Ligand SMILES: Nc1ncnc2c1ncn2[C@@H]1O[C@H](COP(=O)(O)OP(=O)(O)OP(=O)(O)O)[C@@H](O)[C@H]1O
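Heads up, the chain below is alone and in the form predicted on its own; it's given as structure tokens.
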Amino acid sequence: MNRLLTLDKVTKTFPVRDSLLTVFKDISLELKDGEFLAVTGVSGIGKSTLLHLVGLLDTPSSGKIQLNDTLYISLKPEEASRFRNREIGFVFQFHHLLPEFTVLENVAMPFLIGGGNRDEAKERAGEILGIMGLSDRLGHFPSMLSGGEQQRTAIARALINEPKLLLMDEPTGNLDPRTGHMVMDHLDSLRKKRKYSCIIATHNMKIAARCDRIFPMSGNGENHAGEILR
């Protein structure tokens, strides 16, 4: 498999009063095309921060991040925004669906924001929602869905633009174990039909075990990342 993502000695610090808080230091890893990677560790260790850096929602204090041939540091703010919309999808613990729009409209929205045609947006949204087992929920509003259905809708929305990389931050953390594994089943099904890579930040080792590899983050003072397992 070809290399999709590279992190080279990535460090993130935040100013705290008269000093700097180091969230993590010198993280280096690679993600291959089509690979699922679980980032594990206790709450507060820096998993979400790492995803924010990979997803161009924040910038590293030092080090380099590259997705395919694009080096993040070379992107201007407006270029980063377009690149993020086109190449990266996000799923968070809380689905952040817009309550006044239907399931179909929520999923179609990123494609429309990117300048896509309305008819094609509906077609794409309907197709991916079908793969996620939600064909009978297209006209429903988020409040009419179960927690698992809401999260599957959020996953469909994140993948509507067919991004190369999907980032998931505790996607099953707000679900019961059975529903969480059902969501992962749908991710596996979608993975067989559409090639994409995924980084899942989770403290749930049963969910992590379903990925191709595990990257454990451990902390002592500077929160150095652990080694990739498997």
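Since the structure is predicted, the reported quantities are computational estimates derived from the model, not experimental observations. The first residue of the sequence shown is number 1, and the count goes up from there.
Below: the form predicted in complex with the named molecule, not depicted.
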{"query": "Residue contact check: residue 172 to the named molecule in the predicted complex, 4.5 Å heavy atom", "finding": "no"}
{"query": "Any non-hydrogen atom of residue 203 within 4.5 angstroms of the named molecule in the predicted complex", "finding": "yes"}
{"query": "The named molecule contact in the predicted complex: residue 45, any heavy atom under 4.5 Å", "finding": "yes"}
{"query": "4.5 angstroms heavy atom contact with the named molecule in the predicted complex for residue 214", "finding": "no"}
{"query": "Interface segment, criterion being heavy atoms within 4.5 Å of the named molecule in the predicted complex, picked from 159-167, 65-73, 45-53, 191-199", "finding": "45-53"}
{"query": "Residues in 9-32 with any heavy atom within 4.5 Å of the named molecule in the predicted complex", "finding": "14, 16, 21, 23"}
